[in-house]
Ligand SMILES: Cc1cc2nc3c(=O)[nH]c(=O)nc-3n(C[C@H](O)[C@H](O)[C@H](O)COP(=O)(O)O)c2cc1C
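Encoded as structure tokens, the following chain is the form predicted alone, with no partner shown.
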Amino acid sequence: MQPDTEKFRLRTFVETLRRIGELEQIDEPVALAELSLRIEASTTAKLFTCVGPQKYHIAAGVAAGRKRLAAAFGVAEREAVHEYMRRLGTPQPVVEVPSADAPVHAVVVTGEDIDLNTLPFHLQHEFDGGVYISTGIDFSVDPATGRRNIGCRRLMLRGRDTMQANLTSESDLKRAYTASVQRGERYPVTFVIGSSPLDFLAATQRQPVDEFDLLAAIRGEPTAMVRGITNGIPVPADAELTIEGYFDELGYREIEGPYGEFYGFYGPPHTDPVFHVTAITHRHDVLHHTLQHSGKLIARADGSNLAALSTEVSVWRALRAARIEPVAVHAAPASNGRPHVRVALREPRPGQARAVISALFALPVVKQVVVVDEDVDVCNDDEVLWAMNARFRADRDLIVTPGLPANYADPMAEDRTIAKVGFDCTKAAPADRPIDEVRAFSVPLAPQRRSASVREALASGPRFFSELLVALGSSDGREIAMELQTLREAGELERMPSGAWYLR
């Protein structure tokens, strides 16, 4: 049975976001140069239907939130990371389909008809080196080894049939391309524009596996792929648009950038190779795609939210390898989804919080770890800040380790190293501790009358007022206060240091 080529297309996912209230449609005309400012100011995904003189339909921000990523997996927000891990462990096949059955090959442009000016490249940050498409997912097959690889690349417009892409940072594609240059060979690649957020997760994973199969696994279903018209590179048949071609054999020779990076700063200009376009293919009703990579509010960037989910997978795996089972983990998108991690533990043993911090310091992307008890919601900034102030002593609970390997883009790194910091905020008071060390908040009560009176309820031992309310099946409480006063006046009632009531 041939895989469904509509289920995982971008336009289908945009309609899912509309149904769950995570999409705003903008039908008024929007200039390409205005697009990024409109996206950065938004708290929802956007569907623009009249961009530039060509009146492009462009989706933006579709991965810029945990609710949206969870919707891509078809699960609740708190289950997204667990579903992600489950799929990573459940292989799925890739199924090759003919070009005639691939929606992305509905329109094919080759030869002299190629004109990249027909695509919505646009300025994304004030000092970018040019206009960009930010959503390129590169598919390649190393001609020397046969290894199939997927990655993410920004694409800078260079000419009618040439672009540049960032191949500066270490990656499988950079290593394979460098080897091809040494052989004097071109390196074929196809860029896919317009994909499910799940495909971006596959493109940002670094695992020693066939990455085409990895994409299918993360989708959770067999995936239809079609070979390129001009370079034979397989890509998802359900994509919105592809740009086929090759990096030439001349190597690194032209300046690309600067460009806004995920830490919120610009990556400097650097020398990169030139990509030559040999075909553009797309659906009849192509939906173009852009994403926010940097900006003032990094938590709203697509890349930060995608990275946060992948970081959480790494955290769960690292802690389980250390035989620690957390209650919850959270990688904060506001930190770009990588360096700031929070972990909640259930009744942590002495030293366990420090064991968590030590295990996570081994992850190159992580540099700040906050460990709390399970009564603190690690996804809630207010609760975590409360714990950092109510359960943390800097002279006792701060762990700083200098000289550890830094993320390649960390602006605070020196000599490729960084000092990492851990906050042990696991100071929850046991039940026998003084009442002034117990957290104060409202809890749901389920009154179920088990005692006929306050005296009967207290006969089995001390009780707090809320426990009396439950035991007497009361949804009010004022009558209980009156009965307590009657017992007090009769000399039958006393109070514990905690405030609980008990009979003499």
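Residue indices: 1-based, along the sequence shown. Remember, it's a predicted structure, so these values are computed and weren't measured experimentally.
The protein also exists as the form predicted in complex with the ligand; that form is not presented, and the subsequent description refers to it.
- For the options S180, T426, S134, S196, the one in contact with the ligand in the model of the complex, meaning a heavy atom within 4.5 Å, is S134.
- Checking V370, V226, A387, A203 against the ligand in the model of the complex, a heavy atom within 4.5 Å turns up for just one residue: A203.
- Highlighted residues N149, S171 and H293: every one comes within 4.5 Å of the ligand in the model of the complex, counting any heavy atom.
- Only one of 152-160, 88-96, 378-386, 67-75 places residue heavy atoms within 4.5 angstroms of the ligand in the model of the complex, namely 152-160.
- Proximity of N166 to the ligand in the model of the complex falls within the 4.5 Å heavy atom cutoff.
- Under a 4.5 angstroms non-hydrogen atom cutoff, the ligand in the model of the complex has E211 among its neighbouring residues.
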